[in-house]
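Presented as structure tokens, the chain that follows is alone, the form predicted on its own.
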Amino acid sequence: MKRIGMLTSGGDCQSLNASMRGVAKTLYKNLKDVEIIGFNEGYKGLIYGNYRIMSPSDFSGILTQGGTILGTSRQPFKQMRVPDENGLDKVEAMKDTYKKLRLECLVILGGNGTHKTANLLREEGLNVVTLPKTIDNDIWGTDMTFGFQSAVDIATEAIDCIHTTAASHSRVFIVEVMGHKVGWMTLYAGIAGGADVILIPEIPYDIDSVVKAIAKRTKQGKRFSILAVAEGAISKEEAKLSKKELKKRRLDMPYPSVSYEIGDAISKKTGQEIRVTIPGHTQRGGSPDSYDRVISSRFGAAAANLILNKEYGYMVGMKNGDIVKVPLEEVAGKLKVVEPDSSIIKEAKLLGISFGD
């Protein structure tokens, strides 16, 4: 009998269940004797041996279900080599659980931190196959991650809804989109929602440039402006700070978030009313859209196929619409960012969108 472990780690998103279903259905269909063991709450379940034996019925009816049936938790990579409060070596504990259960392979669904730990386990001799999960779409080695498009849909809808109230009240509205380190979500939702200004971490903004863009619209007779702002957006002044200095500045900031700081600055410079809307964790919630259901099913089937062929140590990814396998050592520790000189940025600027630069 082949025993396959499975876990979801890090933040949740809409298509984790669809991806696990893709793996399970393919394994059940192509192996006569297979048992899938699900670890509860991500790596925590693997560390402390908290698991359950799954059955085919567990993976039935979950294609459209958001969240994760296994639960998840955040286990920072930099803490993996640090013993827990009882002195337990987490890495050794994970290896022991893997060996005691006589696993053939461990299927791991997660984002950047998750992939660092997955690669660590590979280096420790475990058979690992991973799937790229994150609403941020920032995993290196794949054009698309599952969860991203569903989250963009929700952020776009938030911007769509703001349009009518912004027009009615002649105000400047800021919609804050998730994304601390990268701006893929804000960029896509901003373009799709018709935002006038898009601020992302990769392109530090000048508040005077933002104000200039708003003033230009006002001069053209436009009664409102909408800004799509990534929660990790930074000013040109902040871009000169070290990571430590920036972190301290954000902690000491007398505003709930960067959007409120930007809004206050715009208000003082223009005298206009500013309103901030934060969709927050709604962007992670609800059912996956059709696009995510399709790529999740493809990712899941491809991951299972790697197991069937005993090809371990890879992440399943997508390149130019095709499913590919990417060595884990090439993925771990790398971030896929929005390049300021990329085609999509140039095209957005041609449309008249300001990036505050």
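All residue numbers refer to positions in the sequence shown, first residue = 1. In this text the structure is predicted, and so the values were computed from the model without any measurement.
Keep in mind that the form predicted together with 6-O-phosphono-beta-D-fructofuranose (F6P) is not shown, yet the notes after this line are about it.
**Student:** Assess the spot marked by Q14, G67 and D153: is 6-O-phosphono-beta-D-fructofuranose (F6P) within 4.5 Å of a heavy atom from every one of these residues in the predicted bound form?
**Tutor:** Judged in the predicted bound form, none of Q14, G67 and D153 sits within 4.5 Å of 6-O-phosphono-beta-D-fructofuranose (F6P).
**Student:** At 4.5 Å between heavy atoms, is D136 in contact with 6-O-phosphono-beta-D-fructofuranose (F6P) in the predicted bound form?
**Tutor:** Yes, D136 is a contact residue.
**Student:** E202 versus 6-O-phosphono-beta-D-fructofuranose (F6P), in the predicted bound form: is there a non-hydrogen atom within 4.5 Å?
**Tutor:** It does not: once 6-O-phosphono-beta-D-fructofuranose (F6P) is placed as it appears in the predicted bound form, E202 has no heavy atom within 4.5 Å of it.
**Student:** Is there a heavy atom of H180 no more than 4.5 Å from a heavy atom of 6-O-phosphono-beta-D-fructofuranose (F6P) in the predicted bound form?
**Tutor:** Output for H180 is yes: heavy atoms within 4.5 Å of 6-O-phosphono-beta-D-fructofuranose (F6P).
**Student:** Heavy atoms within 4.5 Å of 6-O-phosphono-beta-D-fructofuranose (F6P) in the predicted bound form: does H281 have any?
**Tutor:** The answer is yes: H281 has a heavy atom within 4.5 Å of 6-O-phosphono-beta-D-fructofuranose (F6P).
**Student:** Counting non-hydrogen atoms within 4.5 angstroms of 6-O-phosphono-beta-D-fructofuranose (F6P) in the predicted bound form, say which of E104, D196, E231, E261 makes the cut.
**Tutor:** Checking each option against 6-O-phosphono-beta-D-fructofuranose (F6P) in the predicted bound form, the one that comes within 4.5 Å is E231.
**Student:** If the cut-off is 4.5 angstroms on heavy atoms, which of these, K236, R275, R74, K268, is the one near 6-O-phosphono-beta-D-fructofuranose (F6P) in the predicted bound form?
**Tutor:** The residue from K236, R275, R74, K268 that makes the contact is R74.
**Student:** In terms of non-hydrogen atoms within 4.5 angstroms, which of the given stretches 171-179, 210-218, 246-254, 90-98 touches 6-O-phosphono-beta-D-fructofuranose (F6P) in the predicted bound form?
**Tutor:** Result of the contact check: 171-179.
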